[in-house]
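Heads up, the chain below is alone and in the form predicted on its own; it's given as structure tokens.
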């Protein structure tokens, strides 16, 4: 009697050179499956036996298993390329040290974790100094599902090394509607990891903007979760269409077995894994005004102090919010634009300081699909980035500025109404202050300079004469 068991499909043709992969947690395992789907032969190793067992059951039988990091490298043809999907920090240094004796100057290590840019730069310098392999810092965005079906990949490092690994990585990357792979070498050195850090900083800001909108609708307008889900779903059909808006509606609709909205049983406390903090520190280091991104990180810090917040809780609760939903939609959209522009300002400043030669239009194109920030806005940001001089604020692009100006009244109304109702909107408030400050020819910093000269003789510039001047602050 013939068997009725399903027959596994034949493996895809191996059209790529073999790739090593170390680290088979959720992200690494899903990338391995994606690579296998696209005909990339793999040599893999996972230190944790439980994770290794899960991966063995999932990966194709053609996968070659090694028993150490060095064994992965030894099993590869030259030039060897090894992708690391291990936890950022000391674990990366340990794996690189284990690989180092088996790799030469023509070989390549790809760090696919969320690494601190400074760590990536340090590792690249050290490997170069000792004549070791090239290190590519690879930002990977899209979460577990993106890793499996098509992530956005942001690379930084040596161009020749990138060309060797690009075919395999481009094959697994997300595709835009026009078929372009969301995968590119974005610059020299640690540019890829820095762009991923900024991506995550913007992600913090957009999520916080959506959380503040949820708070305004739930506590200020009295909408239930089903109604809020409908609002988010409606926003996802217009100018704010994007992955985060889409899944905000899904989160609102999730239910417990007893019918309770899952959102009501989630603790209102959010942590952060490091990239938001790194983005905030980078903004300060490079002198870039990115308050919307920084406030999103601070908002998480406030949320983490839940016991103190309960102890300090005041009555009565916030008042009724006097606000139309259209204004709130515009507020979220304006805050999102502000976060993106601030992020691109950071990339431009860091790229100039480090000599990375990052092209803003390429960054916007890589983010158009696969990544957590994917949204229709990125098409317009790519156009804006092409329209302005390199390093200039995207606000100088006429069409993007017009889009922001259209949404600005709604942002003003939202911040004013929320403040009067006692509802905190730190991301929206910081976005408004940043926009207002960036779009006025003269601000109050002349008083700051006068004060600094008065107490510390720091000097100031004059509007009517060049050079540094001091005031005569003596009182008769």
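Positions refer to the first chain, counted from 1. Computed from a predicted structure; not experimentally measured.
Omitted from view is the form predicted together with a small molecule, to which the following refers.
Contact check in the predicted bound form: 114, 196 and 372 versus the small molecule, with a cutoff of 4.5 Å between any heavy atoms. Do all three pass?
Every residue of the candidate spot has a heavy atom within 4.5 Å of the small molecule in the predicted bound form.
For the chain seen here without its partner, which of 73 to 81, 328 to 336, 103 to 111, 134 to 142 has a heavy atom within 4.5 Å of the small molecule in the predicted bound form?
This holds for exactly one stretch, 134 to 142.
Heavy atom within 4.5 Å of the small molecule in the predicted bound form: which of 255, 273, 314, 265 fits that? Just give me the one.
Only one option qualifies, and that one is 273.
With the small molecule left out of view, which of 208, 200, 342, 120 would have a heavy atom within 4.5 Å of it in the predicted bound form?
Answer to the contact question: 200.
Quick one: is residue 300 in contact with the small molecule in the predicted bound form, heavy atoms, 4.5 Å cut-off?
Yes - in the predicted bound form, heavy atoms of residue 300 and the small molecule come within 4.5 Å of each other.
Using a 4.5 Å heavy atom cut-off, state whether residue 278 contacts the small molecule in the predicted bound form.
Residue 278: no, not in contact with the small molecule in the predicted bound form.
My question is simply whether residue 232 lines the interface with the small molecule in the predicted bound form - judged by any non-hydrogen atom within 4.5 Å.
Result no; residue 232 lies far from the small molecule in the predicted bound form.
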